[in-house]
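Here you get one chain, nothing else, as structure tokens; it is the form predicted alone.
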Amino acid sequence: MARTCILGTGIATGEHLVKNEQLAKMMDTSDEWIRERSGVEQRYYVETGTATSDLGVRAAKAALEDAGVTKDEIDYVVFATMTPDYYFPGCGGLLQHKLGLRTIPSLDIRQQCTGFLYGLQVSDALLQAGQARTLLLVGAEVHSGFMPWTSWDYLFGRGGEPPSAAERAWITRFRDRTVLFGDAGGALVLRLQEGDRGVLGFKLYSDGESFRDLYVPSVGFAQRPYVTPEDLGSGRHIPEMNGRSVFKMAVTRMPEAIRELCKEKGISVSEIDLLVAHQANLRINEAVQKALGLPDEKVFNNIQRYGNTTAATIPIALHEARKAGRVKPGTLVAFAGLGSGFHWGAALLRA
């Protein structure tokens, strides 16, 4: 039997490390407030001019080097992001050009925080169908474009003016979301190989009924024009979130998907060697871990250092787990995530 295997992984972050204390200079928050609610201690933001596709290219180069694969061997790109460089086109073709790949197919995936899981399923299907031999899967985000401030130099500690009292009040209005996110990218090089190791299967779901619990209410074609000065003035271009609802969905649906997938594959949840869940909130992941009855040594979290990087969280965590020696040949890895849409699910990989 041939399965989709990971040949290499790579990551990239924004150029600026920003700790919670720095955000407290911009809004009414504190390191304690942020850590208590999310577990996030720091995140990375890009320099002005760095786009999502640029982070994808950096992560892809690192993954190719890790895999020992040349760019000419890549014959398909799958790029997952919810923060593309432009409204259109997507980042896939931009990465193909910037990375200097041949004119190969480049597919864009828009499943937000489950973008990596959906991208992995699509990649697996393409490889299994013989449509690709060596595939590059990328998840990358530049969330700093959502941030409701303009004084970036002041945030980064290189001069500039602090926000006025009015600006600080405006920024604070969005603090429950803005403190969570960071800019980063992760990439995998995938190839079909004979044997029992590789991707074992997926359980993915979608339900759009409650989409307004996490969405951007403007900058879309449900309205005309798709963005207005009033949208920008009222902050309707920034994501809105019903935190309680999202938390409840995540802590129930993610464990359910893992249990269903394990049952389908004849695997006990206790056989999972490592859970790598989407890094949206440390409190969510702790609740998922508890629901599954997994000990700490079987769970990998790194949201503390990166924040929520949406489609990049799982590949970044997987990369770090591999480099730390926690993913070895034969390790059974479970992935899980839930994101806006709503989309959620799980995947199993025998490393």
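Note that the structure is predicted; figures quoted are calculated from it, not measured. Residue indices: 1-based, along the sequence shown.
The protein also exists as the form predicted together with a small molecule; that form is not presented, and the subsequent description refers to it.
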Of 107, 147, 204, 241, which residue is found within 4.5 angstroms of the small molecule in the predicted complex when only non-hydrogen atoms are counted?
241
Taking 29, 308 and 340 together, does each of them reach the small molecule in the predicted complex with some heavy atom inside 4.5 Å?
yes
With heavy atoms only and a cut-off of 4.5 Å, decide whether residue 152 touches the small molecule in the predicted complex.
no
Should residue 57 be counted as a contact of the small molecule in the predicted complex, where contact means heavy atoms within 4.5 Å?
no
Is there a heavy atom of residue 247 no more than 4.5 Å from a heavy atom of the small molecule in the predicted complex?
yes
Evaluate residue 284 for contact with the small molecule in the predicted complex, applying a 4.5 angstroms cut-off between non-hydrogen atoms, and reply yes or no.
yes
Tell me which of 182-190, 90-98, 228-236, 168-176 has residues with heavy atoms within 4.5 angstroms of the small molecule in the predicted complex?
168-176
